[in-house]
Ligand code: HEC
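Coming up is one lone chain in structure tokens, specifically the form predicted alone.
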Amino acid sequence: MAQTFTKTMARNIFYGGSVFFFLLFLALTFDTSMALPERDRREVLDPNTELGRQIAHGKALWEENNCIGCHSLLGEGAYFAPELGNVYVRFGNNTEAIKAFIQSRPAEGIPGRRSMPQFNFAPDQLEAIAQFLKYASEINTAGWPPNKQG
């Protein structure tokens, strides 16, 4: 039963496949748009709350001081200094430890070793940065970074 492959058959396969994959694309887009609000923590970022304002201020400080020039955050940025996507977990789920670490810089260390500069942040700025890093650590990143050290 050898049957020849005709233009009509090819056209029907093309149109049928195109319709199938277009419908699949629409279904996956709809599924993603329904899942994002559950994963997104928009209530935390509400600018009408104190915590939302602190997180926004911390992000602004992150950008103004070019922290991404040395650190990576969730895989984006430079790899000169440690990944900060999980720094809150790394410091024992404690914002006070993050603030103390930032305040203690630069540590007198080994000559020739990289060290973080002292930015002389005010207490409210330190709190804002710590809250921003806490928020970033709690983002559902599907297992990134792959280990606790980043």
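Keep in mind the model is a prediction, meaning the values are calculated, not measured. Start at 1 and count along the sequence shown; that's the residue number.
Just so it is clear, the following notes concern the form predicted together with this ligand, a form of the same protein that is not shown.
The listed set T29, S115, S104, T49 contains one residue whose heavy atoms approach this ligand in the predicted bound form to within 4.5 Å, identified as S115. For the chain shown alone, T95 is not a contact residue for this ligand in the predicted bound form, no non-hydrogen atom being within 4.5 angstroms. Contact annotation: I55 falls outside 4.5 Å of this ligand in the predicted bound form, judged by heavy atom distances. Within 4.5 Å of any heavy atom of this ligand in the predicted bound form lies no heavy atom of V89.
The closest non-hydrogen atom of S33 lies beyond 4.5 Å of this ligand in the predicted bound form. Taking this ligand as it sits in the predicted bound form, the stretch 48-63 comes within 4.5 angstroms of it through a non-hydrogen atom at just one residue, W62.
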